[in-house]
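The chain below stands alone and is given in structure tokens; this is the form predicted alone.
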């Protein structure tokens, strides 16, 4: 059996922007691992292939080490095709069996199990045609599988997912170096410190309310406090951080100040003081000193988010912080509003007051307005330098993907720039 992860249509992927602008939905993190890793483990698949939007195929192919947008994987074996929005913990579809197509209440395909014998009925030269023909020719079943609906759903579920992932990992104990004095509160069975980890003196690991997992080669500096449930990724560093419950910190991050119930995809810096709460931060983000976000409104009402810059969506939650896309940068003292959307490649200069709730991708937010700034070329130069600091390379295929994202996000950005010009003229 071959598992194929098929990214959702563009209108669905938009619910996971700005983080999904530069990665497929299964690349998003919740708990210890990505949504895709969870589905692969759940299905028990060793043969895996991917279909992503065309604009990111070359860039993703360079990272995936598995077939990407290769139609030949649609031949020669039983197939299980899954939409990555499906929650892995609830995915109870048998990997093998007679062909069937699982549809949600709107008629969208959540999964397709295609027996090898039925492949001859379907066109295998194009994934879109393949899925359409499977839906038309194979038995359809109504599926009530739970799915992720919006990007903030991952943030709100993160603490629970960390606890589940800790139990699934089945590890506890200390295999790294813990220098004394260090305090571990709660049960030591709820703490795992992996090989290569260094925990400096004067650190508190509090597993009283949930497990704490510190992955390989991470480093925890003095006066850090880590409250469970919490996951600290490989080679990440906590610099006297107050790491409150519910955090997933991806690999190669630098974390200071206070962080609560947030996800950091990886390779990002929040080195200095400031508060980050109920936020999702992409890769290669740098949050300047004293950058802080609000995650609770003064009247305790539910938070709304604008994913398209126009239409507010009620999250149904009283706590939602910021959604920050890859390569975004904030200056010292930036104040992010409740439910803020900060687009990928955005560059923000603080204004001394909470920023607008929507900052477009590739925008230069200067003197309180959205501008073109010095253009995307300068942003690419900064991205290249940031990646080289982690021994990673900015490649031609990556730049081609970001050029496509630049064009995709142009309408919202251009509209904001026009508003900014009118505001400048009115001053």
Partner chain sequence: MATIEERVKAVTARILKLDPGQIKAEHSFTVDLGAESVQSIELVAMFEEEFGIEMDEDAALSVETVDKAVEFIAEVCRQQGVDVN
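Positions refer to the first chain, counted from 1. Worth saying up front: this structure is predicted, and the values here are computed from it rather than measured.
Beyond what is shown, the protein has a form predicted in complex with the partner chain; the following relates to that form.
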- request: Considering the partner chain in the predicted complex, find the one stretch among 394 to 402, 48 to 56, 363 to 371, 34 to 42 with heavy atoms no farther than 4.5 Å from it.
  value: 363 to 371
query: Is there a non-hydrogen atom of residue 290 within 4.5 angstroms of a non-hydrogen atom of the partner chain in the predicted complex?
result: no
query: Would residue 349 count as a contact of the partner chain in the predicted complex, using a 4.5 angstroms cut-off between non-hydrogen atoms?
result: yes
- line: When the partner chain is considered in the predicted complex, the residues of 388 to 427 having a heavy atom within 4.5 Å of it are 421, 424, 425, 427
